[in-house]
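Only one chain is shown below, in C-alpha cells, and it's the form predicted on its own.
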C-alpha cells in the first residue's frame, strides 16, 4: 500500500480562494425572488407573564403574516438537555429578548410596519439577576427553574480535602469572577426555510445540521426524513451557532408554513448580540492548602455559573469547567463543587473552551496569589506540583505517559527567557519611577498560565453519538468524504480531506469534501468539543484504508500508483455504488461514571503553556499586550498553517475576554449590543503571537492528532492577568480587566 504525504503539510485551504475573491455564497447572498423576510416580536422585560398579543389596525394583513405559539403544529419546545425552552412564549416570560411572536412580509419596509403594529400586554415580575440571589431563589419560593433553580450540580472528590487542609502550613483563599463574552462571528445568525412536497428544507449559517434537524422534528411534528438541513457558507461560529440555529430555523419554518412561501430570517448585529447565547459569566472560589515548600496538599473549589433563563447546553459547559478546575497538577486531595443556576438573563450557551477558560482563569490566577502569600516563586510552585507520568487527575483518571505538561512548561520558560524577562521588567518599572514625562507612568510585566484541554466529548459522549462517516468513489475516479462536520472558518474541509487522502493513499486533490446536507451525509456528530480532527479525522483515515482494501480486492491486485487506483475507482463506480463507512468505537480501557464523575473524562488531553508580556499606562489604565508565546502539545499537527491560525485566533479571542470585551447588563438586557460600545481587539490590539508546537502523537487516534480548536482560548486571560500583577503590583481577580478596573487596583503609592 502506498501512502500520501499530506499529513503534516500546508495543504491550501479548500474554500480559501472563494472567500478571498468574494465568490463564497452566504445565506443572505442566495436569490431573493419570491422569498419573504421574517422578524421577531420580543418580550420587553426580563420576567413576567404574557396576557395577550395585540395586533392594531395598522398591521398590513394583506401583505404580512403573524405566527404565535398557537400556530405550532408540534411541541412548543427547542429540545436540548432539558425541554424547558419554548419556541415562542405561551405565558411565562423569562428574559427580555424572549421571542413571543413572528412576522413575515415580502420586503423590509412592510416587515418593519408589521412588527411595529404588534403590542404585548404583560404583567411584570421582579427579575432574578444576581448569582447569590439565584442560589437563594428556591429557598424563597422564587425559583425560575423548579425546584431548586440549579440546572446542574457536579461534585468531584479525590482524597480528603478536610484532612489535607488540616495538614497544610498555609491556606490561601481567593474569589475570581468573569463576565459574559459575545461571540461576534463575522456573519450574524441567518436561516431560510422552504416547504416542498418532501417536507421542510432549511438552509443556514450553522455548526450542527443534525441538531437542527432533530429539533425541527418535534416543533413541526415531522419524521426525520421530512426535514432536510443544508449548511450554507458560514461566517464563523465559536459555539454560538451550535444550538441557537435550531430556534431560528423553527421560527423561519413556522413563518414559511403560514405564508406559503420561503422565508428568510437574518439577524442584524444588534439583534444578534441581544438575543443569542454568550459565554457563561460567573465566579470561582478557591481554598488551597499548601506546605511551606509550595507543595499543594488540598484544593477546595466552588464554581457557580450563570446559565441564564433556560438550560440550553449549560450541563456540559459546567461539566468541562468542573473537570478542568484543578488543572494539570498532581494534588492528592481535591473537591470541586460546581453549579450552574437560572437567572433572567438571556440563556448562556456554548462558546469556544466550553467552561474550561473560566475555571482555568481562576486556578492560574489563584496560583500566583498562593505563591505571593507563601513567599515562593510562582514558577517553582507550579514546577513542584506538575502532573507527571503515573499522575492522576481529580476524577481519578490515570494519564499513564500521555502527559506533556512539563514539556510545554519548560519549553515556554526557555523560549521566552521568562526569568530574565521578568527581571528586566522589574528593572524597567523601578527606573520608570525616576523618569520625567509620560514614560514615568509605564509599567511592564510578564506572566504565564499552564493548562490542558480534553479532546472530544466528555466521558461516554462519543459512544452515545456513535458517529458515522462515509467515503464514496465517483465515476471520475475521485473519492468524496461525507460527514456532517461544518466548515466555519477553522479549516475543517481541508484537514478532513488530508486525513481521508492519507487513509486511501491518494494525493489530497483526489479527495473531495462538501458542505453538509442531511439528505446526503451521515450523522457524524456536531462540530464542537475539539473532536473534528481527532474523532472524525480518525474515522476517515480508517475508512480510507478500508476503501483501498475494497478497491484492490475487487481489482485483484495492489494499486500503488495513484492514477491506476483512481482509474479502478472510476471503473468500479460506473458499475455500481462504491462506498465504505466507519463508525466510532471507544478505545479499550476507557471507563467513565457519569453519576460520580470518576474515571476517564477524555481519551486524551492537549497540553499548553502561554506566556504574555504587557505594558500598562498608570494614567489611563490602558494595557498593551507586547507579545504572547503559546506552546501547544496537540499530538500530531495535520496542517501547520491552519493549526497556527487556530492558535493565533484563539489567543486574540482570549485577549479580548481578558481586557476588552465587557458585556454590560441593564435589567437583564445587554446594554452595549453594538460594535461601538462592545469593544473587540483589532489588529492594533493584537500583539506578535509566537506559536510553538510540540508533537507527541496520541496513541489512541490512528493519526495521532488531538483536538486544537478550544485549547488556545484557555490560557491567555490568566497569563495576562498574572503579567498585570507584576506590572502594577496588585491583584486583579476579574476579567475583563478594563482600564477602569485597573485604575481602581493600582496601589496608592504609584504615580497618577
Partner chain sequence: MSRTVRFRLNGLSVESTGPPMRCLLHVLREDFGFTGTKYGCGEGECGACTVLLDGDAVTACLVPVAQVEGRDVVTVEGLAGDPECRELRRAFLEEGAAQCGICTPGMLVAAAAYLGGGGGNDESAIREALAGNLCRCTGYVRIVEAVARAAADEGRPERSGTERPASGHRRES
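Only a predicted model underlies this, so the values are computations on that prediction, with no experimental measurement involved. Positions refer to the first chain, counted from 1.
The form predicted together with its partner chain exists for this protein as well; it is not shown, and the discussion that follows is about that form.
Undergrad: State yes only if every one of 52, 315 and 462 has a non-hydrogen atom within 4.5 Å of its partner chain in the predicted complex; otherwise state no.
TA: The answer is no; none of 52, 315 and 462 reaches its partner chain.
Undergrad: Go through 284-292, 482-490, 453-461, 547-555 and give me the stretch that gets within 4.5 Å of its partner chain in the predicted complex, heavy atoms only.
TA: Within 4.5 Å of the partner lies stretch 482-490.
Undergrad: Looking at 667, 388, 591, 269 here, can you tell me which has any non-hydrogen atom within 4.5 angstroms of its partner chain in the predicted complex?
TA: Of the listed residues, the single hit is 269.
Undergrad: Its partner chain isn't shown here, but in the predicted complex which of 319, 234, 467, 161 has a heavy atom within 4.5 Å of it?
TA: Checking each option against its partner chain in the predicted complex, the one that comes within 4.5 Å is 234.
Undergrad: Indicate whether its partner chain has at least one heavy atom within 4.5 Å of a heavy atom of residue 69 in the predicted complex.
TA: Output for residue 69 is no: heavy atoms all beyond 4.5 Å of its partner chain.
Undergrad: Does at least one non-hydrogen atom of residue 186 fall within 4.5 angstroms of its partner chain in the predicted complex?
TA: Judged by the heavy-atom cut-off of 4.5 Å, residue 186 is in contact with its partner chain in the predicted complex.
Undergrad: Quick check on residue 351: any heavy atom within 4.5 Å of its partner chain in the predicted complex?
TA: Because a heavy atom of residue 351 falls inside 4.5 Å of its partner chain in the predicted complex, the answer is yes.
Undergrad: Indicate whether residue 257 is a 4.5 Å heavy atom neighbour of its partner chain in the predicted complex.
TA: Looking in the predicted complex, residue contacts with its partner chain do not include residue 257, since no heavy atom lies within 4.5 Å.
Undergrad: Going by its partner chain in the predicted complex, which residues of 661-675 come within 4.5 Å of it through any heavy atom?
TA: Counting only heavy atoms within 4.5 Å of its partner chain in the predicted complex, the contacting residues of 661-675 are 661, 674, 675.
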